[in-house]
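Only one chain is given next, in structure tokens, and it is the form predicted on its own.
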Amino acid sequence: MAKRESRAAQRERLLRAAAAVETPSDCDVMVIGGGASGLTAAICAAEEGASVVVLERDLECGRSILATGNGRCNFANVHLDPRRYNDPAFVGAACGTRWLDDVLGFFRDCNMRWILEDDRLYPMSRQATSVRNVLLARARRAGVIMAPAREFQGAIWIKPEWLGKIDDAVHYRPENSTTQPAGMAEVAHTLPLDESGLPYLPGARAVVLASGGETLPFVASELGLSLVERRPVLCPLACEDSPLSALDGRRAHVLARLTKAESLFPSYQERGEVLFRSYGISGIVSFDLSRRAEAGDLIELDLVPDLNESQLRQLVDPFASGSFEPGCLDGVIDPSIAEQLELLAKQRWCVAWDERKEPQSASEALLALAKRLPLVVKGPAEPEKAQVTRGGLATGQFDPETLAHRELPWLYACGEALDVDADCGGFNLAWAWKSGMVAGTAAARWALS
């Protein structure tokens, strides 16, 4: 049996591979970031006939794809709708009316096939590795140069009189250049080095920012771009301390309703699985709620969404005695959760936020808890594990039809680099693929024009 490669050995192997990648003296399109949107943009630009280089700070391109969908990569949804996004007008204008057809056509041309689970699309292998591999293979076929271990630090417009200038601020070698007057500067990395010992930088006519959830430091200071502050979304929610912390590790299929602190009525609801944690809730439902919930808001969980209150009352108190038998909900709710609800019902427990009339009997209290289990939001929990971030480049400064900056025609952005996020279910990756197609194609056409 072959010995498994250690992490140290893997890192050394990947560094050697990165060092072997030679970047040209210039290219038509430079893509910053080799994740989902970046690889898509690079492929589309190269297939338009542009020469393309991808700079990726990680040791490999496409690594971020491997973690999507718990390793299964829910890469799209059959019900793509701009209303599932924080900026529906911009997303709708960028993605058009054939959004799903475009995404599926792109992956069909990558020689990937898929399966449908509910409304979610997965690769037929059900492995995120498949998605990454077909993208890398298509990029190689298209002639994309993928240069990992390069951390991009800045971009400037190289004016004609600057060509040939080499110093600490600008290191650009235009021998054989066909892309004048344009260029790049200040890419911080250690591999590879040219004979002068300085990082060797290719020039480019067009730049595509596909840097994921990380805001590149130069975009505001050097280019004057407007940024929306980053914050984590699609993450667990912390809730105010309550006896529900005793349910840590238990799961339930629920209908969750969100009521804003300043409102009397729910403004959003989501159905799916919730994982109770000592700090609050996790799971897909909480991820989607995290895009909308703020500190002080109320979440109510219907733990038996397939039964109405009348049907549930027949289980809790069929003779209207005002009491209930222990275990009366064991057949419809996780018994551990049901036991905790029984204890809370006997205490007539509620949260301070809830000003409705206190239940008159133990059975009514249990019924209320089963249909409207209350949680008061404190804020995001484990933000470092958030699936996406909200914020980034403000969308108003980009043309949605090309994703080009309105004042810097050589600069494009796509994916999570822009202030666009969506619910779980393949919506965020669908935006990454489509926005990458739009930005990569437009950047290539501009660079070659």
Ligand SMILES: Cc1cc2nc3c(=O)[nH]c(=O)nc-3n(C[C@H](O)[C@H](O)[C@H](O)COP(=O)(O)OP(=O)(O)OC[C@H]3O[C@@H](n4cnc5c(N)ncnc54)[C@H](O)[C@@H]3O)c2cc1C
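If you're wondering where the values come from, they're calculated on a predicted model, not measured in any experiment. Throughout, we count residues from 1 along the sequence that is shown.
The following text describes the form predicted in complex with the named molecule, which does not appear among the structures shown.
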query	finding
Interface membership of R57, the named molecule in the predicted bound form, 4.5 Å heavy atom rule	yes
Partner proximity in the predicted bound form: A46 to the named molecule, non-hydrogen atom cutoff 4.5 Å	no
A210, heavy atom within 4.5 angstroms of the named molecule in the predicted bound form	yes
Close approach of N74 to the named molecule in the predicted bound form, 4.5 Å, heavy atom	yes
Within 4.5 Å of the named molecule in the predicted bound form, all of G35, Q387 and L429 (non-hydrogen atom)	yes
Proximity to the named molecule in the predicted bound form, single hit among R132, R277, R150, R205 (heavy atom within 4.5 Å)	R150
Contact stretch among 22-30, 390-398, 66-74, 403-411 - heavy atom within 4.5 Å of the named molecule in the predicted bound form	66-74
